[in-house]
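As a starting point, one isolated chain is supplied in structure tokens, in the form predicted on its own.
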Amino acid sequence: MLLSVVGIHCRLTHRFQFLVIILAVTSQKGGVGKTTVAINLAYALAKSGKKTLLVDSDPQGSVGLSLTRESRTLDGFYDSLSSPSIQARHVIVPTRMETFSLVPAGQTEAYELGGSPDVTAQSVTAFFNEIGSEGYDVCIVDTAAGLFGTTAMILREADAVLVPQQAEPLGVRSVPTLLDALVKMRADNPKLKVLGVVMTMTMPHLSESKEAVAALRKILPEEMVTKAEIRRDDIFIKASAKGLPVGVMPEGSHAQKSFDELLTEVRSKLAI
């Protein structure tokens, strides 16, 4: 089952007059639940009736590996960037859900080995301009960790950015630095809105996890940390093994509730 969710770009094209919001899901390092947030937030958005596109821009192909193993054989985001003959609409993969489509990372070997000169800021801009003609309400882009390379180019196109952060002490300490860097990126993209941090893999029964969440809420303004938290749960591993968002799993309603709550906050901040 092909279902997948970052980079939201609000672009009104001159030719097609479609308003598309690009939301990037970004982190400073891997393993913080970024792809989980992107996939399940995108599913929640599509379930609410918004026509949603999930773009996998991580060369590791995390969205594809989570949702469909076939994605390694499909053209995708990086193929569209590097080959003028592969248009963005040609790499969009529909799912069983009418309002939910995805773009896999594609053939990424060159990018995993250090990048490619074929990817330029102009090619990234062109990709999202093409997506703007396809009638989507929101485009969520799952980015590679770090604020450099292709991720930096995507953030220059995005309307908003959401930062997942694992609820553990060492990671929390680096969050203010990351947010400062994102704010500075507004010099290149004045419309970029930093939606804030969503705490992931929280474990309310573990004092260290609770203290990490409390510490972040203490050092950041209230509006910069979402009220919704994503708890550590075996359901995410089970869902990934089946290639599904958690909300599709019969036993996944409790986990999906957190993403529905997160969606409510995101929609309020973006007015969508």
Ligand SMILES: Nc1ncnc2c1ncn2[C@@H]1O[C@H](COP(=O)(O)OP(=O)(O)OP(=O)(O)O)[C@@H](O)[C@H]1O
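Not measured: the values here are computed from a predicted model. Numbering starts at 1 and follows the sequence shown.
Just so it is clear, the following notes concern the form predicted together with this ligand, a form of the same protein that is not shown.
Asker: Ok, Ala126, Leu182, Ala145, Leu74: which has a heavy atom sitting within 4.5 Å of this ligand in the predicted bound form?
Answerer: That would be Ala145.
Asker: Consider Lys50 of the chain shown here, and say whether it contacts this ligand in the predicted bound form, taking contact as heavy atoms within 4.5 Å.
Answerer: Taking the distances in the predicted bound form, the answer for Lys50 is no, it never comes within 4.5 Å of this ligand.
Asker: Tell me, yes or no, whether Ala212 is in contact with this ligand in the predicted bound form, where a contact means a heavy atom of each within 4.5 Å.
Answerer: No, no contact at 4.5 Å.
Asker: Even though this ligand is not shown here, does Arg231 get within 4.5 Å of it in the predicted bound form, heavy atoms only?
Answerer: Arg231 belongs to the contact set for this ligand.
Asker: Any of the heavy atoms of Val119 lying within 4.5 Å of this ligand in the predicted bound form?
Answerer: Output for Val119 is no: heavy atoms all beyond 4.5 Å of this ligand.
Asker: Taking this ligand in the predicted bound form, which residues along 196 to 218 bring a heavy atom to within 4.5 Å of it?
Answerer: Just Met201.
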